[in-house]
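Presented below, as structure tokens, is a lone chain in the form predicted on its own.
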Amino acid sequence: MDAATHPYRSVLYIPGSKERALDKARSLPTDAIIFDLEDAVAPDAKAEARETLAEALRSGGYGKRSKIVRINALTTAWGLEDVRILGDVGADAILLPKVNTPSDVDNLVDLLPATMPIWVMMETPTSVFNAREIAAHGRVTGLVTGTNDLTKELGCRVRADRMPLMNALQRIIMAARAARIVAIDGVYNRFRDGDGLLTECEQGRDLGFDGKTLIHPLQIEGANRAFAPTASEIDLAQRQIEAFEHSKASGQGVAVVDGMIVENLHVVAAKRILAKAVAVAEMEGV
């Protein structure tokens, strides 16, 4: 699945160890789920969580939601067994943490079925510096920003405008766009702060992210709203396409809509907006 055919507005982390949460996720209006075996599971619960998650995925029931499994790093005592058990139980992608270079991805490729896509956590300064090469890896189809880990590694202050992280965020987005893969923004930790979440989602959307990782179901509605095309954006996109087609039929290379020039590049962007609107409607069953 890619962002052109499947929306990733809301990407909810679910602990792989909690049966109740795994079951509830089947009915949540999230576009994608990251079933987490890494940070969300204590070391002494890793093995049991792995089996619990495998059974949940085999049972299915997650509908159109994209199912992504975050395994433990391959350098840990659990990573290899995660891959062995979960590499073929119905997940749509495997999310690899602690990636610094493309060679870290190569290590996972050798252990997975040839058709299994790989998503990558971008959570260290080294991974950000190597973002272009990581995104260009042939098996990588998504980048997930680990803003909490980046903040810790950089030693920067937590600010509402995220200015200390801006260079890293933009590097990740540019790498994903150059490779034409999915780019997901980091989490917003104050899960009861709906206004703060919406502000950060809007910033991520404006930067170019496809969606946002979430830590609580309360955040789903805000993310879905922020990362979906608005009615005015859809209307403008339709009018831009129509005006440009009319001008082209008249032998003109540009059109004018709302006092602004519309060229072919604007039409490409407009068609992308309409395609996302269709994908969102299909996801929501509209």
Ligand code: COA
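When you see a residue number, it is the position in the sequence shown, counting from 1. Here the structure is a predicted model, which means the values were calculated and not measured.
Missing here is the form predicted together with this ligand; even so, the following discussion is about that form.
- A residue is said to contact a partner when one of its heavy atoms sits within 4.5 Å of a partner heavy atom; R177 fails this definition for this ligand in the model of the complex, lying far away.
- In the model of the complex, this ligand sits within 4.5 Å of a heavy atom belonging to K18.
- Shown alone here, R139 lies farther than 4.5 Å from this ligand in the model of the complex, counting heavy atoms only.
- Taking the partner from elsewhere, R70 is found to have a heavy atom lying within 4.5 Å of this ligand in the model of the complex.
- Per the 4.5 Å heavy atom criterion, this ligand in the model of the complex is contacted by stretch 191-199, the sole one of 168-176, 191-199, 130-138, 97-105.
- Comment: this ligand is not present in this chain, but in the model of the complex one of L86, V144, I181, V187 has a heavy atom within 4.5 Å of it, namely V187.
- The single contact residue among A45, I234, A40, L57, judged by any heavy atom lying within 4.5 Å of this ligand in the model of the complex, is A40.
- Relative to this ligand in the model of the complex, residues R205, E221 and A226 are all farther than 4.5 Å at every heavy atom.
- With contact defined as any non-hydrogen atom lying within 4.5 angstroms of this ligand in the model of the complex, the contacting residues in 5-29 are L12, Y13, I14, P15, K18, R20, A21, K24, L28, given in sequence order.
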